[in-house]
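Next up: a single chain in structure tokens, the form predicted alone.
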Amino acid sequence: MRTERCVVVSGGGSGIGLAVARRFAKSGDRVIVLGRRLDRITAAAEEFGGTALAVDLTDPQAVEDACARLPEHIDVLVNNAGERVPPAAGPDLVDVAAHWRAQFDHVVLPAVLLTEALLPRIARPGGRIVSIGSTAGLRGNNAYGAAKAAVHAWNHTLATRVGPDGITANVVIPGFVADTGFRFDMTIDEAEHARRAEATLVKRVGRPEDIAAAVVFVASPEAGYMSGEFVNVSGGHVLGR
């Protein structure tokens, strides 16, 4: 008989994070969703019987305060929170620096701070840490791609660090996923969806549920021999064809 696990999902109020939280809850796990917008994460938690906790994961003190309210035993941590920030206002170096710092703060710090805060509570052995990367971190996309690449590189160190304790740390790497609502630099209309679909090998865009399926597998007991890995879920787009 399957034992209920405690699963923490950051950025669990919408898009990929919500799909991940739903899938774990459907499997019978206890799910706690974190995010900045209390209304959104509360609605999500109420939908599947989970718990919502509002927190700004870029703020170290806020992370510490929030983690004091989380359970002492956590089986799975999903680092999904991380958003694209608006581009620099102009070529002025002050604006450029502000943009790059903000992008790093909003993509890298949420994963690193939350993981560091919760690491003593992750199940030993059997704990799972899954971070959401991006094909932008493999193929490049300015500051956002660089920040996601930093998450990918950080995970190698994390996996090495936690492996002796029987904890795995992996990165699930989505390609273009519809209905995530985080793009500032382009209009996502039917024509853009068609262009994105054509760039894949399977000729369709991704869905949040596609990513959730991969996350739940990587976090499963059956995936205990996977660690330090990149799991690409991009319809083959990462191949660059």
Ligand SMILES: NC(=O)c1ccc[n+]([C@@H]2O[C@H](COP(=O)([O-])OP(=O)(O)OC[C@H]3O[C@@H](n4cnc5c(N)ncnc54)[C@H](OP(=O)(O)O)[C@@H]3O)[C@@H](O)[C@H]2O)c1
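The numbering used is simple: start at 1 and walk along the sequence shown. Keep in mind the model is a prediction, meaning the values are calculated, not measured.
What comes next is about the form predicted in complex with the named molecule, which is not displayed.
Note on contacts: among Ile132, Val76, Leu158, Ala147, the single residue with a heavy atom within 4.5 Å of the named molecule in the model of the complex is Ile132.
The listed set Val31, Ala44, Val55, Ala212 contains one residue whose heavy atoms approach the named molecule in the model of the complex to within 4.5 Å, identified as Val55. Remark: Glu83 counts among the residues lining the named molecule in the model of the complex, judged by a heavy atom distance of 4.5 Å or less.
In the model of the complex, at least one heavy atom of Val177 sits within 4.5 Å of a heavy atom of the named molecule.
Contact between Ser227 and the named molecule in the model of the complex is not found at the 4.5 Å heavy atom cutoff. For Ile16, a non-hydrogen atom is located within 4.5 Å of the named molecule in the model of the complex, even though that partner is not displayed.
Of the candidate stretches 132-140, 87-95, 115-123, 68-76, only 132-140 has residues with heavy atoms within 4.5 Å of the named molecule in the model of the complex.
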